[in-house]
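Below you will find one chain, with nothing else, as structure tokens; this is the form predicted on its own, and questions on how it binds or moves follow later.
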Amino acid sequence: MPAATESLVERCREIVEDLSLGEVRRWKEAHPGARAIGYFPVYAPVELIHAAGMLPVGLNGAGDRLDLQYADARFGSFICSIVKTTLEMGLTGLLDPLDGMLFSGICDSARNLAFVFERNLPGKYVDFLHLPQNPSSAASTEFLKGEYRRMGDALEKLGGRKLDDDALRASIAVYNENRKLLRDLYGLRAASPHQVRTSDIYLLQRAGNFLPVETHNELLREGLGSLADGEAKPRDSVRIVIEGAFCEQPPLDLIRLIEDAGCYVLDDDFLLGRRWFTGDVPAYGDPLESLASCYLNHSVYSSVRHDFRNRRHKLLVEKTQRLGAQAVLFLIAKFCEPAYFDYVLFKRELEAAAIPHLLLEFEEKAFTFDRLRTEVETFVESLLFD
């Protein structure tokens, strides 16, 4: 790895692993009186938060770096790790730099987490964004615009700053740039997977959860330049697509293990909300109309967004074939109902298309991966020597 890339990746790792939200604290110190709003995966209208003069902060739990002391008492046993560790961060003061939290109905656990937060952290602004479940309905656009408008009014009240259309169009434009840079980064990896490690671009991407989007854009441009200039020899690896890690994120060591075990990752759904739209959101006209229309008609497929016009299981097969991937690796968080429900459909479609796949289950707080390493290595060998 070039020294410039190694230094950049290490900086991103420090940002991501800082549970005290140091970057958020420093931003607030540099902007007295400004607000920071946390949001739970997968999708959030970060443009509205940014246009209100606030810092959007993406939360993906605490991984294996935080022991649970209080959150277990607020939830049942069969709940995914990210819900519990995010709540634990709130209950132990790690989320104190945040002035509010935004949730949406991606699953029952996330839906309930919003109201558990509201009950246990009464001093914070907590909002729940209702997303339309029938994108083909003529009323869905107006419904979603109404939700954006309601949320915008709440942000105005919290921050004391008018959220006007010009500010929102400017925010859409800067986030369009961010999404384009991420598409370029993913495109570089798909074209040269021997040159770009997934663990590195994962850290480059996730660091943006805690940085102003303008700063993250600079970081991504730097990362693209240094990665494109790097050189690495191709190795005998299997080309795969990773599916199922759209909300709770696998431990970084597990991502590295998959690569080290002989996999080139051509595409994944890590941190999917950062790449939610398939193209640019129009930064002209009615900005709420633009955001709502793109959410309904120009979004990526996901197990937490049901769109019967675009069948997720068929789109996975199409993507796998288009990228020239040899297999799909399902990386599913323990107790993740949306991912497991969809796995049945994905499995059937992949088998019909004669595409091999492997299912691995993980949890945020895993410490050892010996069994998973053996499974991945065995899978790789079966494909390489079949």
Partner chain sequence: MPHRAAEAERSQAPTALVAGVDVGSSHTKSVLVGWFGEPGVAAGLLSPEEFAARVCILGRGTVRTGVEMEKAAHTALDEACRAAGLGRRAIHYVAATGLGRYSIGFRDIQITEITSDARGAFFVFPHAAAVMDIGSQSTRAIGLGDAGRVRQFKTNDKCAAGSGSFIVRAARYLQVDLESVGDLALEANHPHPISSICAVLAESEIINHVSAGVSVPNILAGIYDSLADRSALLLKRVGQAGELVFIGGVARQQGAVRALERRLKIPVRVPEFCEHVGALGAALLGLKRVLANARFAA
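Bear in mind the structure is a predicted one, so any value in this text is a computation, not a measurement. Positions refer to the first chain, counted from 1.
One more form of this protein should be noted, the form predicted together with its partner chain, which is absent from this view; the next part is about it.
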Check: Every residue in D269, Y284 and N297 with a non-hydrogen atom within 4.5 Å of its partner chain in the model of the complex?
Finding: no
Notebook entry, point to check: Quick one: is E381 in contact with its partner chain in the model of the complex, heavy atoms, 4.5 Å cut-off?
Noted result: yes
Note to self: Since only the chain is shown here, I'm wondering whether R371 would be in contact with its partner chain in the model of the complex (any heavy atom pair within 4.5 Å).
What the structure shows: yes
Item checked: 4.5 Å heavy atom contact, L358 to its partner chain in the model of the complex -> yes
Note to self: in the model of the complex, is there a heavy atom of its partner chain that lies within 4.5 Å of any heavy atom of E318, even though the partner is absent here?
What the structure shows: no
Margin query: Using a 4.5 Å cut-off on any heavy atom, which residues of 55-94 would contact its partner chain in the model of the complex?
Written below: none
